[in-house]
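Listed next as structure tokens is one chain, alone, in the form predicted alone.
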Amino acid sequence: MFTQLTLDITLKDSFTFDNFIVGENQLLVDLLKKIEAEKQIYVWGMHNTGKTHLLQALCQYFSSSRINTSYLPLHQLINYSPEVFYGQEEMDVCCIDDVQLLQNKTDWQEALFDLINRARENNTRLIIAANQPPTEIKLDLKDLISRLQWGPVFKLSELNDTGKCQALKQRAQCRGFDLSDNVANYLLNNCHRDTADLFAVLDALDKAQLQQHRRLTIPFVKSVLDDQLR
């Protein structure tokens, strides 16, 4: 029995290419969208660089063209059996997220090794993501390291300041309000610069402005941030 069919794995509607801030990753995005391109691509990047967004966007992009895809988030699946990999070679595209979690899990490593081999034989496209390059993940199965490099290895570049401001403004629009350039730059210069932390601050500001019926001006933002630090 194919274990993954019993799992509740859903894609976030908000994770699309339309709202993915490409930044310096245009070459990678263009390559991923070409179904006839590289049959295996390994993407790695630091925490909150958009790997999960990218993989889910790809699944939704292909699914809209009736291309069979699957998305396997290992942070959700790692407590199950590695049998979740069985049958994935029957898909047109299989995206596997958080491969670094297979460290110290020999049974999972062997299952992924076998899947890569089956996918190559079946002409299935594999997109693999992790927070480290293949050579830096501590894997017991050394042959798996070479398998993970069967296709191109891309580092997902972090957004620069312009990209982060664009991402903040886009998220504000999705929540139904406009964010000025001045306020976006203020947040970037006065908050933790990690994208996820910036989004959390923006969500808190949105809640505060709705509660207090205020606009997001710099004085109001400063007062909210000061209250949070008390």
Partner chain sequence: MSSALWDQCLQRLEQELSDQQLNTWIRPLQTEESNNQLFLFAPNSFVMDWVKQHFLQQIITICQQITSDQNISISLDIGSKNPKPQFKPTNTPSQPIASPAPKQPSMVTKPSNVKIEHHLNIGFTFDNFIEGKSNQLAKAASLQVVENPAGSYNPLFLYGGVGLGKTHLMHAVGNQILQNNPQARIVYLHSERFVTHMIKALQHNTMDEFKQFYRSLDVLLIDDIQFFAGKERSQEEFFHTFNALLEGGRQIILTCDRYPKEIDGLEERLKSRFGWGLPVCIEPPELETRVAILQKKAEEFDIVLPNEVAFFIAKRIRSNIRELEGSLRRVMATANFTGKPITLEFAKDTLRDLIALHDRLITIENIQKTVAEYYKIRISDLHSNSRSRSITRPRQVAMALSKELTNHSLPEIGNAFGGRDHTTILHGCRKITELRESDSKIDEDYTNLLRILSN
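Treat the numbers as computed from the prediction; the structure is a model and nothing was measured. Residue numbers count along the first chain shown, from 1.
One more form of this protein should be noted, the form predicted together with its partner chain, which is absent from this view; the next part is about it.
Open item on the list: Just checking whether C59 would be counted as a contact of its partner chain in the model of the complex - the rule being heavy atoms within 4.5 angstroms.
Closed with: Heavy-atom contact with its partner chain at 4.5 Å: present for C59.
- [ ] Give a yes/no on whether L31 approaches its partner chain to within 4.5 Å in the model of the complex, heavy atoms considered.
- [x] L31: contacts its partner chain in the model of the complex.
Open item on the list: R118 versus its partner chain, in the model of the complex: is there a non-hydrogen atom within 4.5 Å?
Closed with: Close contact exists here: in the model of the complex, R118 approaches its partner chain to within 4.5 Å, heavy atoms only.
Open item on the list: Residue-level question: is K51 within 4.5 Å of its partner chain in the model of the complex, judged on heavy atoms?
Closed with: No, K51 stays farther than 4.5 Å from its partner chain in the model of the complex.
- [ ] Can you tell me which bits of 158-186 touch its partner chain in the model of the complex, meaning any heavy atom within 4.5 Å?
- [x] Those in contact are E158, D161, K164.
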